[in-house]
Structures are given as structure tokens and as C-alpha cells.
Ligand SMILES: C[S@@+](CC[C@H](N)C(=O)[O-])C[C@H]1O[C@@H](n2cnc3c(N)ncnc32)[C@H](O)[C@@H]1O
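A lone chain, given as C-alpha cells: the form predicted on its own.
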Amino acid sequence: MPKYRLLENVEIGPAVAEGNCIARIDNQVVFVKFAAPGDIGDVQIVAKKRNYLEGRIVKFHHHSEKRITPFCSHFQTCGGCKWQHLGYEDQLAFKQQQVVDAFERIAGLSGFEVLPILGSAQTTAYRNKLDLTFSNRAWVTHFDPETTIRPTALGFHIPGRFDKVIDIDKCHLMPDYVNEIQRGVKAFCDTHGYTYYDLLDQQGMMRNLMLRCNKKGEWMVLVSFFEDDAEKRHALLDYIRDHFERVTSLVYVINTKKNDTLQDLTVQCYHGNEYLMEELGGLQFKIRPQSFFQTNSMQAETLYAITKAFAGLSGKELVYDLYTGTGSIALYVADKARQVVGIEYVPEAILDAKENMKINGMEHLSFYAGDMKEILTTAFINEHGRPDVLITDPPRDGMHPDVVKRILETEPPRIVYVSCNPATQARDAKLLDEKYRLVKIQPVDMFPHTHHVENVGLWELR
């Protein structure tokens, strides 16, 4: 018996955050997964929270006109593309409304210009990076231990479950070569008796597979091993080298930690280069295995071009680029600035930024690594100068309140805020409103078929 009640003939309302749709029953808010606005169906409640319910449709009485047929066999299982059942134009409309709602409801702002969301020219095969996980116990919907051999997986984690991995036979997020590599690697491992990582017991040889590509069609493959068997390691890497000619960077790492992060590990180059080169807006970027780089290269150019346009540079300005990462935005705007100062908390990213600066023959940039709220001090600003334009591109959590406070004290005439989370951007906008006027926002879709959306906003000092 289900733990919670079944709600019958529920009409589904608009799409909201986290890829859900919303319904209202008996003055209660219900978030419904994988629904479409206009669906009517019976909703099984699966969780009760303090202020809302969560549910899923178990029987349809009417399908929304906005529904389309998903293109991926793993839809609703891997959790990666929650909006495949919605047409792309509807996805864009929902994303734009989410951004506007955040600024109006969270920040309490009005009167700003809303530019139409810019969709991605490619809605499949748009990513340049995927991370896959090996597991000795694949997540399956049906399993008979008496008649079925426990299947293994090379794929993605089930949403909300670190120990559940679904085996992927075809992913549409990268060019199809990714599927050739991942299926080839898994078949080789299965044929030759390689053990897969046990996420609970923490044992097994094969742990992760990371794949990157650039616009030229060159590929990087990183194999992460948990157990180090030199003979088997060389055999697998030789197989990848000999069978996938587009792989120009074949690297590996031995990771015996309890997490999958690479920043504190030494990555070994087995074949080719230890990096990929990518071109954006006429600039060259060196991408190492641990480097952060926008995962939609084509749309990243759009995002950076908007940022540069909002900055309104004439060539005379001092620009601060907060959360600069590997310096991609800093380099992108540098040809229109007198000086650019980039700050980032990840030291390895700053090393990449400095190298990218040299590759592109630029000398009027400087980069600093450390905690943003500890670096961006009055003494730092006195030393480097008050910025004419401040660009900020923080992580999903947004800016620390101390950073916002320092910006308000510094009073740069213009702020360009790039965000991957409109909710935290709107929260920060409410703080900035003390001294700044929000002029305009430009939503940008970097990730089709997901609920994620980027937004660029321009603020001017009152």
C-alpha cells in the first residue's frame, strides 16, 4: 500500500523550479515531477514536506498539448534531461518566466528590461564534457537474483542516490562518438574481467570515465581507477589509444579517496597531450582534466558576448572579474579594457588563467587566488584601484554577504552579474538595490531539456 494518498483528476499548473510542475489541491501546493502544464491525471503523493507535497502522475486522463515524445530511452530514469517531454519553445518560455519570477518575487524588483531568452542552436549533442561512473551493481527496475546475473553499469547516478548508477547505452548530450567510446570501454572491461567499483564497500578497479571534446572534434578521455593493476591498466589504455583515433588526450588517475574529485590528485598522461585546446571568440583556451570550462562551448560564446556588451567597455576601464575561474570572461573582455583583475578561490584555476593569458599574448591582466571575501578587501581595492566595471560569475550559491557588502562600499559604476541560479542572483539583487538600479536582464539557455538557465544582469549605480 502507498504510504500517502492518491489525488484524482488533478489539473497540472505551470512549470516551476527544479523541473517540476505545480498543482494546488485543498490549499496545498503539490510539486509534480515529469508533468506538463495542462496535464490532467491521478497524482500519487510520494513525500510530505513542511509547506508542500511532492507527487507523480500514475494515471493520465488528459495529456497536455505541450507534450512531445521524449527522444531518449533513459528519460525519467537517469534524471539528466527532465524536460524532454516539452517542446523547446515551451522550455524557453518557462525558463524566462522563472528568471522574471525570481527577480519580482524574491528581490521585489520591477521596472527593469527583460530581453527575450536566447536559446541554444543545438538542443542535443551540445555538451563538451560528461562524467560517467562504473558500478558493480547497476540500478534496474526488475531483478531476479535466481535467474539473473547482477548487471554492471557505466553511466549516471540516479537523482538523489549516490550509490545507484544506471547503465547508459546511448546519451544524446555529447556528439555520438561519446557512445562509441563508453560502450567500447565497457565491453572491453566486461570481456576481460575488470572489476567495477562498489560504491558502498569501496572496492573494485574501474571507478570513473570522464570525456571531453572540443569544436574541432578532438577528444580527451580520463580513466579513473580505484585499484591499481598495472597490467590491466595498460591493456585498457592501449585499447582506447588503438581504437579511438579522435582521442588526442588519453590520461588516467588512481583515486583511492572517498570522493571523485580530481583537484588534489596527480593526473598522468598516457598518450597524446595532457590537455585540449578550445577556441572561443578568437581566443585559445587550454583545458586540462581538472579545469573548469563552460560545458556548452557554442552557447558560452553567446553568454560571454552578452557579458561584454553589458559591460559597455571603451578601452579605458579597470575591470574586476570576480569568480574568474580559468579566466575565460576576463580574457573575453580584455581587448576592450585598460586593465582586468581576476579573483578566484581555486588556485589551480588561476594557474590555468595565467597560462591562457600567455597563450593569447595578453599582458594587462592579473589574477589572484583565495577566498573572495578575504581577498576583496579595502586594502586590495586601494592597491589595484576602484573598478569602473565589476563582473561577477559566482557558483550556484551566489555571492557571500561580505562580498556584496564590499561591492556596495566600493561603488563600481556598473555591475554585470552572470548567474547559473536566478534565485540566488535575485537574493543578491535585493541587497544590491540599496545603491544600484537593475537596468536589464538577459536569460540564456545553456542546457536544453533541463530546468537550468543562465542569466546576465546589468546594474548601474544610482
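Note that residue numbering follows the sequence shown and begins at 1. These numbers were taken from a predicted model, which means no experiment stands behind them.
What comes next is about the form predicted together with this ligand, which is not displayed.
- Taking the partner from elsewhere, residue 197 is found to have every heavy atom lying beyond 4.5 Å of this ligand in the predicted complex.
- This ligand is not drawn, but in the predicted complex it has a heavy atom within 4.5 Å of residue 304.
- In the predicted complex, this ligand sits within 4.5 Å of a heavy atom belonging to residue 345.
- Although the partner is absent here, residue 294 is a contact residue: one of its heavy atoms lies within 4.5 angstroms of this ligand in the predicted complex.
- This chain is displayed alone, yet in the predicted complex one of 329, 340, 353, 221 has a heavy atom within 4.5 Å of this ligand; that residue is 329.
- A single residue from the set 155, 387, 325, 289 has any heavy atom within 4.5 angstroms of this ligand in the predicted complex; that residue is 325.
- With the partner left out here, this ligand still marks one of 50 to 58, 389 to 397, 406 to 414, 424 to 432 in the predicted complex; by a 4.5 Å heavy atom cut-off that stretch is 389 to 397.
- For the partner-free chain shown, nothing in 415 to 447 comes within 4.5 angstroms of this ligand in the predicted complex, judged by any non-hydrogen atom.
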